[in-house]
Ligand code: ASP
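Listed next as structure tokens is one chain, alone, in the form predicted on its own.
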């Protein structure tokens, strides 16, 4: 039994503002990432490879808030965060506030596999990338005209949802179970539009936006990161399954619609359990998402 789920951010574009052409572009991007990850699992590959591949493709797609096309800080730069975790040995790697790493999820995986650390930030993370032979790119590689327009609008006091053409906020992420039963989760983001330079959200914080433990679940979150950090959301979901006996669906619902709502936050989560059961839930207007498994499930959705 294998399964994979992906997300491209919560807080979906209002239906009235989403043209058929742009919806198709979002769906095509989700489908490409989902298919790439799924094919790795079909061919007997690892859940770690599947989530890395899916997230890397979403980082490269300017429609989503990660990598190329990431949201911009208030000084007009892209600062990127990412994390990856595998459930077998519960190893994890994460990177935050990098400005020149084309695919932060690849660097997060290198940190997990080739260093004794979990989280590296800023210049230190980029120095490690150079040591690993990873090519750095100029910061303007990540910037798109749409993201710049969103930044300028927010600085004028408008909201991103008022911008045409619109784009999702949040993050990208993937969770998977491979045929051997190993779980993995990966998350990557450009963060919040007009954020203060140096701000780090939940995506690279293990246990907040990203978590995986074999025999329990793997989780990737999207939304207003400060609330997910305060709730230690991803770990809390898995702990609720492991120690309280909740189903994964119950645990995710409780976190999004009760715990986070009490704090004033919203967002979404994708998660997979030890049996390959997939949960995709959100408390925002929508969530760009997709799922495939060996039982024949194949879904792409926004609202």
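Residue numbers count along the first chain shown, from 1. Note that the structure is a prediction, hence the values are computed from the model and not measured.
This protein has a second form, the form predicted together with aspartic acid (ASP), left out of what is shown; the following refers to that one.
In plain terms, the part of the chain that comes close to aspartic acid (ASP) in the predicted complex, with a heavy atom within 4.5 Å, is 188-196 out of 121-129, 95-103, 175-183, 188-196.
For residue 225, a non-hydrogen atom is located within 4.5 Å of aspartic acid (ASP) in the predicted complex, even though that partner is not displayed.
The closest heavy atom approach of residue 201 to aspartic acid (ASP) in the predicted complex falls within 4.5 Å.
In the predicted complex, aspartic acid (ASP) lies within 4.5 Å of some heavy atom of residue 171.
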